[in-house]
Structure formats: C-alpha cells, structure tokens
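This document starts with one chain, in the form predicted on its own, laid out as structure tokens.
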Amino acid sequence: HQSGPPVPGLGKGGGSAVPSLRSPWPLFPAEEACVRTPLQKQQSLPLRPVIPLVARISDQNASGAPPMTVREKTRLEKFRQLLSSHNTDLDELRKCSWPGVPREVRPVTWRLLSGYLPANMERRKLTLQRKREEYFGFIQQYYDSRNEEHHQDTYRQIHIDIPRTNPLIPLFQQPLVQEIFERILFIWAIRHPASGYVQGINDLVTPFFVVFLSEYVEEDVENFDVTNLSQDVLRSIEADSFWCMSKLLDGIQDNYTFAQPGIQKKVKALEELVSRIDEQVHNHFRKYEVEYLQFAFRWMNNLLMRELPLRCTIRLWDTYQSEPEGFSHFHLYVCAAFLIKWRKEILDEEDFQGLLMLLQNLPTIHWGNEEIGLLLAEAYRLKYMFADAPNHYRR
C-alpha cells in the first residue's frame, strides 16, 4: 500500500510537527510542486461569498466570485501545461489535483485521473470516439430488455430512485436528465450481475454528469435546461459519465455485492479507527447505544454525498481521484475526520434520539472549498499517522 507523498513538515514519528489546521493555507501533499511562487501572507481573510441555501453546484470561484488570484492563475497555467503535453505526466497531474482542480480544466483532468482517457495526447480523440460508440452499442444491445421479466425489478428500482437523486436541484428533475441516468444505471447493472443495481449507486453518476456538463455551460448548471444542448453533446456527456462511474465502481464493487460486505468492513474499520483517535467520542456512542452502522452505512454507501452539498463532493473527488485507493481506503480517513469535526456537538447530545438526529442531519449546507480543504488535510494527517502503524489500526 502506498501511503502517498508526505505532508511537508511532518516527521514520521507523529503529529506534533503539523502546523495548526486553522492556518488559512492548510498543507497539502505536493502542493508546492504546482505553485513554486512564495505565498504572500494574507493581510486579512477575504469575505466569503454567501452561498444560497439550496446547495449551489458551482465552485465558489466560479460565477459571482472574486476574480482569480495570482496563485489560482499560476495553478491553472500549470494544469494547462500538463494537459497539453504530448504525454501527460499522470503522477504530476495527481499531485496538482490533490489540493483541487480548477473548474476550467476539471472535465479533462477527471477523464485522465479516472483512467478513461489515455495520457498520450494523440490517442485521446480516437479513444473517446471508440468508447462513446461502445457505450451506445450497449444501449442498443441491452436497453430494450428493461421490460423483460428478469430485468423488470432492476429497472423499476432505478426508475423509483432517480427522482430522489438530488431532489432540491432543478437540473435533476428534468425528464431528459432522468432518462440519461436511467440508461447509465441500467446498463451498468446489466453488465455487473455480481452486484446488480443497489440504491446509492444512483448518487455516484451525479458528480461526473455535472462536471462533464460544465464543459458546455458557462452559467451555473443547477438551473440549466439540457434541451438547449445538441444530441451529440448530450450523448458525449452520457457516455463519459457512464465510463468514469464504471471506473470508480470497479474499485469499490464489494460495497454493492450481496449483503454489501465492503461496507460492513469499512464501517467496522471506522469504528476501530475512531476508538483510537478519539476515545471520548467512541465511548459516548457506546454509552447511548449508538451503532456506527446506524449513521456510517450511508457515509460508505453514498461516499458522503448525502452529507455534503454537491459542490463539496466535486471538490472532494478531485482529491479521491488523485489519491491511491481514494474512494475506498482514503475515504475511511475522511469519514473519521468528518466525524471528529462534530465532536463538540456529539458530546453535547445526551440521548440516543438526539445523537442519531444530529448524525443524520449534519449542518454542512454552507460548506465550501475551505471546509473541504481542512477536512482533507486532517484526513491526510490521520492516514499518515495510522495507516502504516498496525498497532494503531489494522487495515
């Protein structure tokens, strides 16, 4: 197991050398590799834009935000260089993506990081063409079978789940978008009989769909009417979303096979990890008979997507796709960091009902890149301290 690049300034021995995570510039692995200009000390933290209550999908640095800083421009330039080279250096791209991918280059970066697009520039166009045709070949081959008896249950479940995916965001209530999701999920289920379709997988299409849609939409995508796009563009977005979601699921398929053994194991591992990191929180749960499965099943099954605004999930996935086993192993540390983030609120609740209500409705609606950055830095620190120390936590 690779443990990823060391955080600058952190010795192998423990956490004391880690600078306070309240610093406006949390240390990320290899961020310096991307921006070699000295950072000016901030005179005062900039006022953060107010985020509407219904979670806006767009990054805070998209429309309506302050102009790009020198630092952001330098990072964007670095990405553009990497992406336009004859053979993109994927290790370097991962290092640069860990602290977040600029919105302008996110679609192509995600296609590369997920292993869908080849690093070689000359092969990209042909690969996209071939894979998109292959996906629509599957549609022709399998999609009519959705009404056949042995596939009816699968299709019915997908059909019920799709309107519940992001119910507060108008984009996902459009019939055309719902049809796209139905096709993607049905084809995936038919081609993966070991797991078939399981509730939760429907959420995993969303970030890819939004990121690939953003390539064609300047304004905020959450209210965008997709009937304004050409058939060809919609087909490209659909096929790319299918393949990238498939690549993600290849790494975590045991989460969705019969009895969901992957999730059972991960929830157990989270419990074990939290008992090492914060015994007080762990004992508090025991005292009030809260089982980790009661709240963390959803964290694993839906990769925290139900706990965070969509814009935060997209930022989180920049890092997950840059980290070895990001969606499985690293996700565990993110869940631990996420839980401990609410320790004060958890310890203030003194009955089973109150604890469960809190844990199933954590107040993240106003979260943005800054909170996710701090969460990831803390998760990285935990991974660094515990992943390779079997006496702390056995994988």
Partner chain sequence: MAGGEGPVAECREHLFKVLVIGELGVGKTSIIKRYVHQLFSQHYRATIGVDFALKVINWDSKTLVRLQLWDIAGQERFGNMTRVYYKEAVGAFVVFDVTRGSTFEAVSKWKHDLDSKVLLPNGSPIPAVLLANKCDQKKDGSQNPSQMDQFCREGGFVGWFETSAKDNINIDEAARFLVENILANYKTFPNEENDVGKPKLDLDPLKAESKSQCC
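Keep in mind that what you see is a predicted model, and the values were worked out from it rather than measured. Residue numbers count along the first chain shown, from 1.
Not on display, but discussed next: the form predicted in complex with the partner chain.
K.L.:
In the model of the complex, is there a heavy atom of the partner chain that lies within 4.5 Å of any heavy atom of residue 103, even though the partner is absent here?
P.N.:
Looking in the model of the complex, residue contacts with the partner chain do not include residue 103, since no heavy atom lies within 4.5 Å.
K.L.:
Is residue 70 part of the interface with the partner chain in the model of the complex - any heavy atom within 4.5 Å?
P.N.:
Contact check for residue 70: no, nothing within 4.5 Å of the partner chain in the model of the complex.
K.L.:
Can you tell me if residue 365 lies within 4.5 angstroms of the partner chain in the model of the complex, counting non-hydrogen atoms only?
P.N.:
Judged by the heavy-atom cut-off of 4.5 Å, residue 365 is well away from the partner chain in the model of the complex.
K.L.:
With a 4.5 Å heavy atom cut-off, would you call residue 176 a contact of the partner chain in the model of the complex?
P.N.:
Residue 176: no, not in contact with the partner chain in the model of the complex.
K.L.:
Heavy atom within 4.5 Å of the partner chain in the model of the complex: which of 145, 85, 74, 257 fits that? Just give me the one.
P.N.:
Among 145, 85, 74, 257, a heavy atom within 4.5 Å of the partner chain in the model of the complex occurs only for 257.
K.L.:
Tell me, which of 182, 161, 272, 238 has a heavy atom within 4.5 angstroms of the partner chain in the model of the complex?
P.N.:
Here the answer is residue option 161.
K.L.:
If we take heavy atoms and a 4.5 Å cut-off, which stretch out of 131 to 139, 182 to 190, 198 to 206, 321 to 329 is in contact with the partner chain in the model of the complex?
P.N.:
After filtering at 4.5 Å, what remains is 198 to 206.
K.L.:
Report yes if all three of 264, 291 and 294 come within 4.5 Å of the partner chain in the model of the complex by some heavy atom, otherwise no.
P.N.:
Every listed residue reaches the partner chain in the model of the complex, so yes.
K.L.:
For the heavy atom contacts within 4.5 Å of the partner chain in the model of the complex, list the residues of 295 to 333 involved, in sequence order.
P.N.:
Stretch hits, in order: 297, 298, 301, 302, 306.
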